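Take a look at this single chain in structure tokens; it is the form predicted on its own.
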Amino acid sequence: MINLNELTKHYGATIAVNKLCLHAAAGEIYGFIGPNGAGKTTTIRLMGGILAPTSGNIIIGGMDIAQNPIAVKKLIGFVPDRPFLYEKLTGMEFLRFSADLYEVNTAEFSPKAEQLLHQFALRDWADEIIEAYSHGMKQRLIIASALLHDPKILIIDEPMVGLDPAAVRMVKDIFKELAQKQTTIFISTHTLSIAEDLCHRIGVIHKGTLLAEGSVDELKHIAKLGEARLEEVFLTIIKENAFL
């Protein structure tokens, strides 16, 4: 469902993403991890069509995003690292606004919105203005809004930021359920314990270059750390490539 081919992004003399090649299949939860400044958010923005690549291409759902930007974006639920909310709207009004952007049928909106508000434990707050929400509630609302049009692919940057442990468990369970229904989920995160618990495969990026990719067990094999946690595996892979 997602194929990045030789994806490259320059900012002047700085190479933010360097000939990145990866794929994520239908129903796969793909984790994307790396230090600050590694190129994670730039990659996410390229995949969401917010930035244009310097070279290479992005194929989503069999379509090149450069050639079919609108059709591709209809397939995607996109949550950036710094999402914007109209805080004078109520939660339900914001979902209506989001649904209109995705051309969700009016008859389908109400049951879908009710389902998502219940699923994300926001039903009691549906008619409250968003500025009264906690940070975690706002994050849950943003994720819910990205699912209104039943996207085949969810691309999300730091989904668990600001969530308490109960909300983290809730969102993880929702992602696992979506994956079982063949939704592809691409997650960039600094929370390695979440990546370890949730993701089928993980890519490690550093200075714009993909250093390693595979399941947690495969990454342990690459790092020659059979029983280590992902944190130690990650730090070992980064250290061994510090010359980049």
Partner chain sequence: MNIILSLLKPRVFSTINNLRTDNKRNHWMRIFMFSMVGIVFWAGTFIILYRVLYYFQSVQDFGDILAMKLLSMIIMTFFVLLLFSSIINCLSHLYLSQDLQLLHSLPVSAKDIFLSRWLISTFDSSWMVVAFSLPAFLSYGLIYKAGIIFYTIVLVAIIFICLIASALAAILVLFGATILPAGRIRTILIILGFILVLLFVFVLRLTRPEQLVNPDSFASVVLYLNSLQTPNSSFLPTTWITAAVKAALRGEINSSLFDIALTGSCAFMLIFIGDVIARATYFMGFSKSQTTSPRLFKPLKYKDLSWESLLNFLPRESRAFAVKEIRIFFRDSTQWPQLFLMAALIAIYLYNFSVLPLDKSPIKTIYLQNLFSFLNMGLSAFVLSALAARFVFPAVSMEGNAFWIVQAAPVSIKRFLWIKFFLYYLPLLIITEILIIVSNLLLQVSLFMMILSAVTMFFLVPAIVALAIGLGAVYPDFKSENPAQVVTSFGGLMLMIICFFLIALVITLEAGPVYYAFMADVQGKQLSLLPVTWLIVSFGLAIFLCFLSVFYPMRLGEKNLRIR
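By rigid core we mean the largest C-alpha set that fits within 1.5 Å across both forms. Numbering follows the first chain given and starts at 1. These numbers come from a predicted model, not from an experiment.
Missing here is the form predicted in complex with the partner chain; even so, the following discussion is about that form.
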- Just one of D127, D173, D164, E114 has a heavy atom within 4.5 Å of the partner chain in the predicted bound form. Which one? D127
- Using a 4.5 Å cut on heavy atoms, which of L147, L89, V168, I153 is close to the partner chain in the predicted bound form? L89
- Message: When the contact criterion is heavy atoms within 4.5 Å, does V216 count as touching the partner chain in the predicted bound form?
- Response: no
- Message: Taking the partner chain as it sits in the predicted bound form, is K74 in contact with it (heavy atom to heavy atom, 4.5 Å or less)?
- Response: yes
- Taking heavy atoms only, is R123 within 4.5 angstroms of the partner chain in the predicted bound form? no
- Query: Does G61 reach the partner chain in the predicted bound form if we count a contact as any heavy atom within 4.5 Å?
  - Reply: no
- Query: Looking at 208-216, 173-181, 25-33, 50-58, which lies within 4.5 angstroms of the partner chain in the predicted bound form, counting heavy atoms?
  - Reply: 50-58
- Message: Residues N3, E6 and A38 are flagged as a possible site; in the predicted bound form, is every one of them within 4.5 Å of the partner chain by some non-hydrogen atom?
- Response: no
- Task: Any residue of 143-157 with a heavy atom within 4.5 Å of the partner chain in the predicted bound form counts; write them all down in order.
- Result: none
- Query: Relative to the superposed rigid core, does the CA atom of L89 travel 2 Å or more between the shown form and the other one?
  - Reply: yes
